[in-house]
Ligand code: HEM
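Coming up is one lone chain in structure tokens, specifically the form predicted on its own.
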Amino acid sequence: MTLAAPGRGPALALVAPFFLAAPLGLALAGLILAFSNGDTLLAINAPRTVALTHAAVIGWLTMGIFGAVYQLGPAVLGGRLVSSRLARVHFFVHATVVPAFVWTFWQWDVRLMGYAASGLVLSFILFLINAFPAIGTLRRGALPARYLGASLVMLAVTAGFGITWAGTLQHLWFPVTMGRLAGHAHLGLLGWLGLTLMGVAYQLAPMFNVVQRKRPVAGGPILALTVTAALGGGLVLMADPGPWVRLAVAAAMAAGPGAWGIEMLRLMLARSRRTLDVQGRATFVSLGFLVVTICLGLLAAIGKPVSPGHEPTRLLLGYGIAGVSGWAGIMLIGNSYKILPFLVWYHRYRQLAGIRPVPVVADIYSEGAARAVLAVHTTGTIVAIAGALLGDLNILRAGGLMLTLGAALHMVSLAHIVLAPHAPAPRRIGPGEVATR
């Protein structure tokens, strides 16, 4: 873990829009799920399923990660942004392209899909121009920087395959098989999202929970294992292998995150801060969903023989919901209630400290509201997974509505952090003290 130096980070007005806009992607995905039809439970490549997957991954999680990297890179990892103006242009491009991209999947308009995919690739290029310098040097960099560097490479690889798949849907260069879809999906989900969240957790979990007695012991090998499994496994899946090869690939892909989860659990149990706040609770809940994700992923690799109702789509859908909304999503929600309040405090109240009473970071967000967001989102994720596994469309739709509600509450609470005035909490009067104004 490296120490934070927020003065090197970008302005609040640059980072905050990414965090504020991110829940809109989840809300869109939840609404698509809430209005899903029978095809959602019959084919994992149904247009609406592909649309909601991209809304959640590139509209929600990726948008939030953009903001986190722009802040944590310069402030914690010692890098710098090439241009703040470029980052603002990037936000506008991504926020504009994502709804169009999701809509082309919903309508399955392959001609417009290619144009929207090109815009999305442009967004990723703009991000990578700033992100690589932002995370600093990798040769001797901290463990989180090495994870982020690897994840940025995987983002470029994933985008390359994605634009190719969009092009072949329009021009019919070759068939986009289920294996090729699975390879592209896992390059993005494990290679980009997974590595990013794992690396950020190595920095934020010890920092926010005051872990001093333990240090990561296998961060480097876990990184190497995860990169190898994501890249190699993704390419193997594109060849449409048989069930036993798929199971071996799934086991290899599960090994890195599984070992990382054990490391996180070990660090969290050694924390000095015994009372868990929302970020600590989110970390434990996220680790629970990681276990569910690994179990469902291994079963999904076996396929029809172990699928509920002998319909593999149920397992695949439950697996995706557990990994995206559960493991990655809950980790992102918890971290947002630490990163954004700290930025607001630093940019708005730091210079007033010692001159007049100012709020502390804990006063800038509502712990109760944050717990409510976490509870609604967690419940919605569990309900959606249950609906997928049971093959019950009504339960699945209910889960989608709950996820949309959780996203709305999250966005409102984050907007309150950024826009509302904050007052210091009343201080308790100790023995022999006198109340003063």
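Owing to the predicted nature of the structure, the values given are computational and were not obtained by experimental measurement. Position 1 is the first residue in the sequence shown; the rest follow in order.
Note that the form predicted together with the ligand isn't included here; everything after this is about it.
Taking a 4.5 Å heavy atom cutoff to the ligand in the model of the complex, the contact residue among 117, 340, 249, 294 is 117. For the candidate set 129, 302, 113, 153, a heavy atom within 4.5 Å of the ligand in the model of the complex is found for exactly one residue, namely 113.
Contact with the ligand, judged by heavy atoms within 4.5 Å in the model of the complex, is confined among 276 to 284, 254 to 262, 191 to 199, 71 to 79 to 191 to 199. Within 4.5 Å of the ligand in the model of the complex, a heavy atom is found for all three of 159, 166 and 169. In the model of the complex, residue 185 approaches the ligand with a heavy atom inside 4.5 Å. Of the heavy atoms in residue 44, some are within 4.5 Å of the ligand in the model of the complex.
Taking the partner from elsewhere, residue 108 is found to have a heavy atom lying within 4.5 Å of the ligand in the model of the complex.
Interface residue remark: residue 91 is not counted as part of the site for the ligand in the model of the complex, having no heavy atom within 4.5 Å. Contacts between 32 to 57 and the ligand, taken as any heavy atom within 4.5 Å in the model of the complex, involve 44, 45, 49, 50, 53, 54, 57.
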